[in-house]
Structure formats: C-alpha cells, structure tokens
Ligand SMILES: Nc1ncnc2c1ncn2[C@@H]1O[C@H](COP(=O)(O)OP(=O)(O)OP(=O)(O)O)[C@@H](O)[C@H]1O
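One chain is shown next in structure tokens, namely the form predicted on its own.
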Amino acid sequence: MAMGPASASSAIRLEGIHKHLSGRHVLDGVGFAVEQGDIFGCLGPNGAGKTTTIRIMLGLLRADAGTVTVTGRDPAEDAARARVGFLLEADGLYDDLSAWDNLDYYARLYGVRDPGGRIAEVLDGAGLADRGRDKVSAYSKGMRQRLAIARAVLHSPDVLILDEPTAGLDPGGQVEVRRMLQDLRERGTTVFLSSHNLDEMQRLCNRIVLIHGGRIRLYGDLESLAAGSGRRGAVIETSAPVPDEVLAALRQEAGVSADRDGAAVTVSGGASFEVPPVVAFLVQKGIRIEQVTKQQDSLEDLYVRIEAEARAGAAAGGAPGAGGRR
C-alpha cells in the first residue's frame, strides 16, 4: 500500500508489510500510520493478522518484507522499546507479589527515576492506591487489567499498544479501562488498541484500520469513513403525523427515502444527503418540526458490510486488494 513519505508526526508507521507463518501468508502488504495523539483502533476477525501486526510493531517478530517504525525507530532497537508500553493477551503479572512489588520490579527494569513516587502516581491513576500492598492473586479481572495498564505506562512511554485490554471484563471494568485510556490520551500518549468490542472502539477511537485475511479493507478517520459510507439520514420528529401527500411529495421532489412512524419521519439518502433541505421542504409544507436527529452508519454497520464484501470476494476468487477504503 502506497503511503507516501514518512510523516514526522507518525508515532507508528507500517509500509508494505508481508509475513508468512507456518506456510500461511498472514500479512499481505499491510500499511498504515498512527499519528501522535491518536487512539487508533485495529479491527478484524480472529486470524485476520492483528496479533501478528502487533508483534511486529513491538519488535517481537520480523516482517519478511516492508518497513515498520515506532517513534521513528526500528521497533527492535532498545531506544524504541524504551518509549513504548504494551499489554498483550496475557497480563504478565506476578500473582504472589503485591501490586506495588510488581510495579517496582518493572520500574527497576526500565530504570525509572524516583520509582516510589512514580508507582504511587500510576496506582492512583488506576484507582488502586488503597490496594497497592495487596497480592495480585486477590485482584478481580478488572483490577488486574488496570494494574497491567499502569505497569505499561510506568516508564511514561510515548506509545501504548494494547491487545484486547477489556476482554472478559464486566461493564464496570470496561468503563474503568476506557476512562484510563481517555486520561492517557489527554496527557499526550498515543494509544494503539486492538479489540473485538465495536462499541468500545466507536467510543474511544478517532482513526481505525480493519484487517481481514491479512489485508487492509478499511482505513482512516472514523467520522469521515462513517459519513462517506453511502448511508446517511435523519429522524425528524414533528408536532403531528405528516400527511401522506406531503410524504409522497418529499420522496418525489427531494429524492429521498421517507417513512413515517407516528409523529416522526425517517429520511435517508446517499452520500450527498443533507438534512437542511429536507427540513426546509417540510416547513414550507406547514409541518412543525420538534426535533431532528442525524443518523449515519455505525462502526458495526461498516464492519459487517466490509466483512461481507471480503468474504464474497474470497469466495469468488478475487479478494479486494490491500489498499482497502480510505
């Protein structure tokens, strides 16, 4: 995938990444950029190549072809690793040690200055200040995940890479982790987030990449992708049900789909659909507007459609190329 010259603002950059594992072409020309300050979402079904991509970004695997930089460096270099925090599927915590001792061990590995002060700071940020001396074996799943994220940011990294950080958490635990990630972004940390939780991704991420079959199918700014997906509309609530003749005129003259449900009209159109002309048309017909709510494709809508297209293309023997949609 042609990405153009490297940007000085790119925290992570992959270009033309190929990787074979066990005789299978796991990544086929994958390329994308994560900009500084992003919460960047990586989507895809099991086996799509997400975990392999993460391991290459962390320098744990080498790509067969292509280039990858993290904070402008080869991710296998110590200088790059010192600026990256990560959490993989297994949290890597030591159950028989307290939260404080877990963090102290990693603080010494990373050479953190004033480890006691920094440990107290990240425990407080994770909402664990009063449980820092408890053994990790006594922690709930949500507490473990918050502690693991605290460990990942202990050395104040520029980039945080997370693989399914809310998997297996109850709703309360998911909210707590989302709060931590939003706080980190506000402090300037770039977050790369791989997850199957589409609602979570929609809430947190400003940009996404969708990988299927080792290729990129969707990539870019989430809001722009949704707005340009071809499905746009609105729910227009009115003071009284819109007469049939007005609905018919709306369909014919404004060229939109329109359905009535009581004192509300749902209108929709293509990528060029705009709400104001529809509202103006109804007002001209003497309809009193109470409220207008815009609608567009959710991340789930985009995901389902792209996945269906990818499966259909594979079944037909002509899967889409790695460029995907931008």
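Just so it is clear, the structure is predicted and the values come from calculations on it, not from any experiment. Note that residue numbering follows the sequence shown and begins at 1.
Same protein, other form: the form predicted together with this ligand, not shown, and the subject of what follows.
Each of L21, N46 and E164 is positioned with at least one heavy atom within 4.5 Å of this ligand in the predicted complex. Remark: R131 does not count among the residues lining this ligand in the predicted complex, judged by a heavy atom distance of 4.5 Å or less. Residue contact with this ligand in the predicted complex: E89 places a heavy atom within 4.5 Å of it. Contact check for H196: a non-hydrogen atom falls within 4.5 Å of this ligand in the predicted complex. S268 falls outside the set of residues with a heavy atom inside 4.5 Å of this ligand in the predicted complex. Stretch 50-58 is the answer when you ask which of 29-37, 50-58, 257-265, 282-290 has residues with heavy atoms within 4.5 Å of this ligand in the predicted complex. Annotation for 101-140: no interface residues with this ligand in the predicted complex [heavy atom within 4.5 Å].
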